[in-house]
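Next up is one chain by itself, shown in structure tokens, the form predicted alone.
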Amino acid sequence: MTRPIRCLITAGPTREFFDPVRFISNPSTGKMGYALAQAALDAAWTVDLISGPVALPPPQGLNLYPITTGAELHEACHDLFSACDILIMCAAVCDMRPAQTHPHKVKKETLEWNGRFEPVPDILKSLSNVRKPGQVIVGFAAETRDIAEYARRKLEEKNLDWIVANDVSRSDAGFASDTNTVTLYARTGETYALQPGTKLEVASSLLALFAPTLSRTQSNT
């Protein structure tokens, strides 16, 4: 018998804190990542889900790892990555963080209105650098213009196998929407424009395209 495909999925936003009560983030709700997790369970895959702060109940039957910050996501991904056959990096990582985080609430009269920021480490690229033969890496590109150009650039720069791109300025495909319209780009050059549908339908279509590329279905011992 072959063992189930093991899938590592990240979902939702990350938050970066100025102090205990103020943070920067993005509008991600986690709906696409959670739909991917459900579709993977429906396909009888083993699912590890790393989730940022969302208001969604996790699908039953997966391993859930809650995180909040980019640093926590980085650590969780590196802890779990080596065991997976496919990584689907759907989380919307906040790309910058305050250069200084205050341990207590800063009173508004002493706030620095022109705060300094620093980049959050590139999690996807760092994982690509340590991948093992046979592991498949999928990224997401949420854009508002020049979708194909930016997606193909990210695919190459981060050494991905696939990238899923969508226009988040659309009300029927952006953050918080229950539907999505995406284009899938492969490292091998193929492009797939998926039919619009619910996020679960889109997730199922994506997994059907990823599945043939997975080469590490091993016998149970």
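Remember, predicted model here, so these are calculated numbers, not experimental data. Residue positions are given as counts along the sequence shown, with the first one as 1.
There is another form of this protein, the form predicted in complex with cytidine-5'-monophosphate (C5P), and it is not shown here; the text below is about that form.
Among the candidate residues 80, 148, 120, 111, which is the single one with a non-hydrogen atom no more than 4.5 Å from cytidine-5'-monophosphate (C5P) in the predicted complex?
After the contact test, the surviving option is 120.
So in the predicted complex, does any heavy atom of residue 95 sit within 4.5 Å of cytidine-5'-monophosphate (C5P)?
Although cytidine-5'-monophosphate (C5P) is absent here, residue 95 would touch it in the predicted complex, with heavy atoms inside 4.5 Å.
May I ask you to check whether residue 158 falls inside a 4.5 Å heavy atom distance of cytidine-5'-monophosphate (C5P) in the predicted complex?
So residue 158 counts as contacting cytidine-5'-monophosphate (C5P).
Contact with cytidine-5'-monophosphate (C5P) in the predicted complex for residue 136, defined as at least one heavy atom pair within 4.5 Å: yes or no?
The answer is no: residue 136 has no heavy atom within 4.5 Å of cytidine-5'-monophosphate (C5P).
Residue 31: heavy atom within 4.5 Å of cytidine-5'-monophosphate (C5P) in the predicted complex?
Judged by the heavy-atom cut-off of 4.5 Å, residue 31 is well away from cytidine-5'-monophosphate (C5P) in the predicted complex.
Thinking of cytidine-5'-monophosphate (C5P) in the predicted complex, which stretch from 56-64, 187-195, 150-158, 31-39 has heavy atoms inside 4.5 Å of it?
Looking at the partner contacts, the answer comes out as 150-158.
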